[in-house]
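Same chain, two forms, each on its own as structure tokens: structure 1, then structure 2.
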Structure 1
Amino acid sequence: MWKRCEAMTRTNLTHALQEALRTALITAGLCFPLLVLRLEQDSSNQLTLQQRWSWLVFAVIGLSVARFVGLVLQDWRARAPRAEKPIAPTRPQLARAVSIFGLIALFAFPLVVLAFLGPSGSLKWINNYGVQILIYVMLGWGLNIVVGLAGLLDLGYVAFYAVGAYAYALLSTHFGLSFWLCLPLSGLLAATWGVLLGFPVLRLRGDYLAIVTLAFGEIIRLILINWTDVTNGSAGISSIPRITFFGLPFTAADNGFAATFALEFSPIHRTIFLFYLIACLALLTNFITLRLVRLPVGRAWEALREDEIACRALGLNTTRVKLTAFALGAMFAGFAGAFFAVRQNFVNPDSFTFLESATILAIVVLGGMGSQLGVALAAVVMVGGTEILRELDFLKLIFGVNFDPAQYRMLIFGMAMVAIMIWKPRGLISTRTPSLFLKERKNIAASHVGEGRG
């Protein structure tokens, strides 16, 4: 028996060494043009080819060793005896405590940053991190209705985002309407386009639905570019009216926000107000979504996601179910688009490309489809992670003063994304709790979710 186990161990070690060698070869082939070769300008403004073989050696050794250690640990965990443990039920008190702590941290974030860094130092953190992350959290929760709850793959979600942004830009610049009036109108117009998209694709599923929604997103973008009489084409719409605090502008005038409340004028006031505004909009999206899930329409979305044929057999109107999912998801995207326009004071078609739709969809998939908490965590990881990776100046101490961290920011982020999907293939929150339960509430195992029995 011992000899048999020893032979199996040797076989697994040989396999791990072979995989490590294969990883080293693949890394050398892929990273050779990126890490070894670099063009530099000399004093005479001529390009010279610089070779950095040490970088390639570090990458090959690091990835091959990581692959070998990972396979060995995987084999060791597979051999370790472990008893089957039932999935622990959810604890409402713990979930409520986590939610309260998260809300306190969210609303205290700008004040804490302002207290430690001052008005000038905190502007970047509140705007680039806080506001930007919350926009994608809201977009992720809106798309989670369509993809995570109803199971409809949508690759053109950014089109509704664009409709909301241009709706506010046009209504405010041409008709002088305030943001508070344009916000519901933007959501209503985006929901109308969601219904218009839903009608032609009611009979489509899977890849065919994804192709049609992708085409819809590109059609909207091309309309924004070519309908120059209304949208001003690629030049976009500028001079969009800024947001006010219920009529008080964030200016240094006597009737401004700072003068009214006897404060010293600072541009940080507008940024903090925008932070709390998008935080309230995102929480409103989460609140409405959680309430809808418990209603018959939410249970109909879950039934449609699990099995459309069984959903029809139960007598549910799948047409109506799909349209409600598209309309509500588009409405929240319209709200986010109106906020984006008032925050930037400028919109153009370049802000609504397919890459934005892919980013929002990646947030939903990475977080765990159907999980509100998972989507929020994924938005923090993806959006906040890319912003934090801009601050990689400490790497110059390792690779030299000529190393530019910004050039490798997306490469590092992509490798981190691949690692997360290997570690958690079904998302950060892979379990799912049904809205209805018999006798006691139970989580659904990740394996059952993957097999479609959830």
Structure 2
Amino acid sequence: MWKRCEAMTRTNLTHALQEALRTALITAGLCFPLLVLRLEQDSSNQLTLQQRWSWLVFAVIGLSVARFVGLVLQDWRARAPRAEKPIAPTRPQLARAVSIFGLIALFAFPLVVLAFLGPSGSLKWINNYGVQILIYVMLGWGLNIVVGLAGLLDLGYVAFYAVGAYAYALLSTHFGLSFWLCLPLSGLLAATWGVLLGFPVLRLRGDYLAIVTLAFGEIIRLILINWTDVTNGSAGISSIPRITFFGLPFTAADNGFAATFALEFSPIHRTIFLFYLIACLALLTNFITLRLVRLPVGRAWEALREDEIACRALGLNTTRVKLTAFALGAMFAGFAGAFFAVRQNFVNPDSFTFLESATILAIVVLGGMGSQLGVALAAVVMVGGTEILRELDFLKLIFGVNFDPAQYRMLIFGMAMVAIMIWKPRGLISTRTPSLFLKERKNIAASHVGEGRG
């Protein structure tokens, strides 16, 4: 260990210092107008400038020190003896153990939280963390069919989520249909939209497909905003019927859930039911995907991702294969949308911006495209990680009372997207297990997995 330290020569240190100085200069140049001078409207609504040099000093010192430490560490690691890690054979028992443990943890989560924090304290944890993360897990798994398995880059996935949400909102408020009837209808409608939109665009490839799907996503959002007769515009649709326990409403009334089961009424019952509902929906998505991958259609998706030309040469109808992936992904987004509407009992177009699509896509790519476990992991890290920033109140003691960590949520989210991509361009779980194998099932390194161009 000491040898490595000594080997860190003077030139390397000088180099690191020079780089740190350069970083300091660049940071100063970048931050000078933006951070130092803040535009403020004064009392007479005139624009004025406030000076704020401390931010510049913090940014310059922070980034140059980070650069210096980074370079020193890099140098240190370059000296460490390194062996290429062989790709381990898959361990089916381990994978099985992990998934069983995950399932138990998932189903025990609300009960454990409830036992420790009581009904009022646990509401936030089950709702903001449990339900919120599971919605993204489900959306991530749904988009994974399109992006990870079939290799079609879809930047407008949130459009189908919106279709599902509005389908439930409109059907239930206008026709009084129950959630359990609307859920399949929402999925069906979203899948229909998937086919309708997919049909013309699926002959495009790569980035072009991404951009067209983005355009469709935005068009649907703009229509939701502007078609006020049906959608009530930006104000959205409120007082959507709440979820019932298969007919029993979660109210304090005599025919309510609590009274029927002789429990004390608490709003937590509904949240816990929503938690289990979304958990089941997400697991259904996962289960169907895992089964489909073993069917001819699933194999066709993966083949399409690996090599579209070869697929066509083998006589696959690529448009139809792509359409099934697109429609199925859309259907799961529709289910998730209906769930979203029943959970919020309010929908408006603000929930379906491009940022949502980008977040879901980021979850799929960061998790490692095609890996179900990776997607779930990425959803927990990205959504849970940004949610947890709301909790860091102790930072106020360090940075002052006006410091609000939640404000930096999306800033850190954006930085994390860049950082994870640079650290692991193939996502958190980048190896694949083959769905077909000879003699022994071995992991496939990321560099051998195609990403699809469609």
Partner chain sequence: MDVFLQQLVNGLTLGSIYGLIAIGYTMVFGIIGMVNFAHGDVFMLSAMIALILYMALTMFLGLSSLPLIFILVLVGTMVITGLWNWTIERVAYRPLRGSFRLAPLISAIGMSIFLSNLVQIVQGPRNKAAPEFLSGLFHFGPAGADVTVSLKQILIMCVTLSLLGLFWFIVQKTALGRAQRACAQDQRMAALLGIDVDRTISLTFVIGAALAAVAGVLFMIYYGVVNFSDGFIPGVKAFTAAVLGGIGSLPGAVLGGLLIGLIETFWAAYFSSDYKDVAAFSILAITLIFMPSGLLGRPDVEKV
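Reference numbering: structure 1, starting with residue 1. These figures come from a predicted structure and were not determined experimentally. Superpose the two forms; the largest set of C-alphas matching within 1.5 Å is the rigid core.
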Students should recognise the form predicted on its own as structure 1
Rigid core superposed, CA of residue 72 - does it shift 2 Å or more between structures 1 and 2? yes
Shift of the Cα of residue 415 between structures 1 and 2 with the rigid core overlaid, in Å, rounds to 3.8
Core-superposed CA shift of residue 39 between structures 1 and 2, in Å, is 9.2
